[in-house]
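Here you get one chain, nothing else, as structure tokens; it is the form predicted on its own.
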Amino acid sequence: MSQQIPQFTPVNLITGFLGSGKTTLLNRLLVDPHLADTAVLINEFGEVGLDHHLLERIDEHTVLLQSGCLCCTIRGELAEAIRDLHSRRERGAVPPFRRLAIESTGLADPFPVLTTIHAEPVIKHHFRMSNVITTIDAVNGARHLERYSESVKQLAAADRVVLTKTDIADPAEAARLAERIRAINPTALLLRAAEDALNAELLLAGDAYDLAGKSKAAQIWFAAELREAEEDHCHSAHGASDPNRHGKDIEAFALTFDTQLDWISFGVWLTMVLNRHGEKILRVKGILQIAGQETPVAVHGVQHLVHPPVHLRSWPDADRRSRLVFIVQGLNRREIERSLATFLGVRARRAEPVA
């Protein structure tokens, strides 16, 4: 087995703001035979993980992190997950993967991830950063760059930038966003998900991650995180979790329903909610049990935009309840629950917000 495993396993980070298409891109890449020996780490912001259910390929290579975002607040967990994968590979407990892909939450600062790979004592002797792929939404990307520093950092760290949703975006706005992308990161390869033939070789292959070609700001962010990692300040000073890492007004919560939902009524409700509160709803996603359907329907919404539903081939597990996850900013979850009860006549089971 040792001959099959590279001395330094390449690591690809797939990042991008909420709803920009990371999971869709990863799902698209995982069907490529070149990635048959790739392990995947998926991180989600929120109390309930759904993205791993929306990937078609779920097997022993796929690991889900659910403690928050891939940032310094859980640097220890990220390192532990990678070390555990390496140990299982050495013991033959998992197939001998030759590449590791990390899909980070849309609220993640990418630089703590990069410094973890670079500086963690065990990891740096067995893994190396290959490149960073950042997805950016042509419909909402300009707004995200203006409002969220994480979006700017994700773009600044990128080797490959995949502009998504150009097929539904205003062409002039997409062109202006492309100019903004090139201004922030002129060295990254800019691709369009709707027009370009994306494949694993184009996106994932490459030399070791080189910060020298990145902007001065990116180098400063990396150096600051590296100092923090080396001093272990983040883990010892802040503990295992910092709920306000992304601001006190950003909250993730999950709603579950035991009863089947009427698809037309639900669609009207979701459209109305996003129309009224779209600026405050950073992301909504879910798996629904629809009346008259044997298999679930996956739904996605980003601010005012509702994407076409996806009919999954099967339920991901034995749980047949409908599940909705919201990531909101400055919006009280009770408003969502009240509108559900009023419009659909259903009451959701509640879970506590992420701490």
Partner chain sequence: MCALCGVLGGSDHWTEAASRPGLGSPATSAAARRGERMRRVQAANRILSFYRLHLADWQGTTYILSTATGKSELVDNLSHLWSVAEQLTGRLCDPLDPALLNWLESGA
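If you superpose the two forms and keep the largest set of C-alpha atoms that fall within 1.5 Å, you have the rigid core. This one's a predicted model, so the numbers in the text were calculated from it and none came from an experiment. Residue numbers count along the first chain shown, from 1.
Keep in mind that the form predicted together with the partner chain is not shown, yet the notes after this line are about it.
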Candidate from A194, A175, I168, V268 lying within 4.5 Å of the partner chain in the model of the complex - any heavy atom: V268
Partner-contacting position among A183, I264, A93, A205 - heavy atom within 4.5 Å of the partner chain in the model of the complex: I264
Contact flag, P308 vs the partner chain in the model of the complex, heavy atom cut 4.5 Å: yes
Contact test in the model of the complex: N275 vs the partner chain, heavy atoms, 4.5 Å: yes
The partner chain contact at L25 in the model of the complex, heavy atom, 4.5 Å: no
R143 within 4.5 Å of the partner chain in the model of the complex, heavy atoms: no
Contact segment among 104-112, 120-128, 80-88, 160-168, judged by heavy atoms lying within 4.5 Å of the partner chain in the model of the complex: 120-128
Residues in 322-342 close to the partner chain in the model of the complex, defined by a heavy atom within 4.5 Å, in order: L331, E335, I336, R338, S339, T342
Rigid core superposition, S339 Cα moves 2 angstroms or more between this form and the one not shown: yes
Rigid core fit then G278 CA moved by 2 Å or more between this form and the one not shown: yes
Large Cα move at A138 between this form and the one not shown, threshold 2 Å, rigid core: no
Distance direction in the model of the complex for the C-alpha atoms of H277 and L177, relative to the displayed form (3 angstroms or more): farther
Residue pair V152, Q303 - Cα distance in the model of the complex, closer or farther (3 Å or more): closer
